[in-house]
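Starting off, we have a lone chain in the form predicted on its own, written out as structure tokens.
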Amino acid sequence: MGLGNIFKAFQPKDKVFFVLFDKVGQNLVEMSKYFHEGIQEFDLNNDDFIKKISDFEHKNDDLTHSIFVELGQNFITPFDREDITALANKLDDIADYMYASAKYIYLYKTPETKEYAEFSLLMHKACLEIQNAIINLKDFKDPAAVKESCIKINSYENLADDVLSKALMNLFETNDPIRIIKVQSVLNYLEEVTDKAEDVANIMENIIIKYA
């Protein structure tokens, strides 16, 4: 019997960790979809957008807390406790930076930068792949699919680096110091979302290497 099969035999019957990770993945998909759609129709005089993004972020906090509670109550886990902790934290980071991006777009009143929409599309695509990877990670049923999703997430992060470089080049050409400070801050938060998604991909790849 392989190590993966031995591990499956001792997994909790209720699969509580995968249930919670599934919910986190779904929340990130919904959050990134709302972000992408909302940023293209941003209303400076309406705070509904930032309030909704905040709701998604709080929901992610609650799910992350539930994962840590279960971690404290369950002796047997589907994979290493440190991997569960790292995965939960990095998933939560995605929501945190997405919220920070939205908050500063609203506070700085700079919604018109077209690169925001380019970033938000990459963020949404990365979250979709994270969700797919979580689904296929369950019971280690399709390690190849997890790896394929991780490769796509890494490619989105590379594209985000290119978007950032181009956006900064255009930004500095404006010679507007105040705008440069504001927009650069937002761009860095947006790019950080894809960095955190790449961190999630790296953790899931390591889990697959260990147990699949």
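As the structure is a prediction and not an experimental result, all values here were calculated from the model. Residue numbers run from 1 along the displayed sequence.
Omitted from view is the form predicted together with another copy of the chain, to which the following refers.
In the model of the complex, none of the heavy atoms of residue 47 sits within 4.5 Å of a heavy atom of another copy of the chain.
The closest heavy atom approach of residue 114 to another copy of the chain in the model of the complex falls outside 4.5 Å. Using a 4.5 angstroms threshold between heavy atoms, residue 150 stays clear of another copy of the chain in the model of the complex. Proximity of residue 145 to another copy of the chain in the model of the complex falls outside the 4.5 Å heavy atom cutoff. Here the chain stands alone, but in the model of the complex its contact with another copy of the chain, taken as any heavy atom within 4.5 Å, falls in 64-72 among 35-43, 64-72, 48-56, 22-30. Contacts with another copy of the chain in the model of the complex, taken as any heavy atom within 4.5 Å, map within 132-164 to 161, 164.
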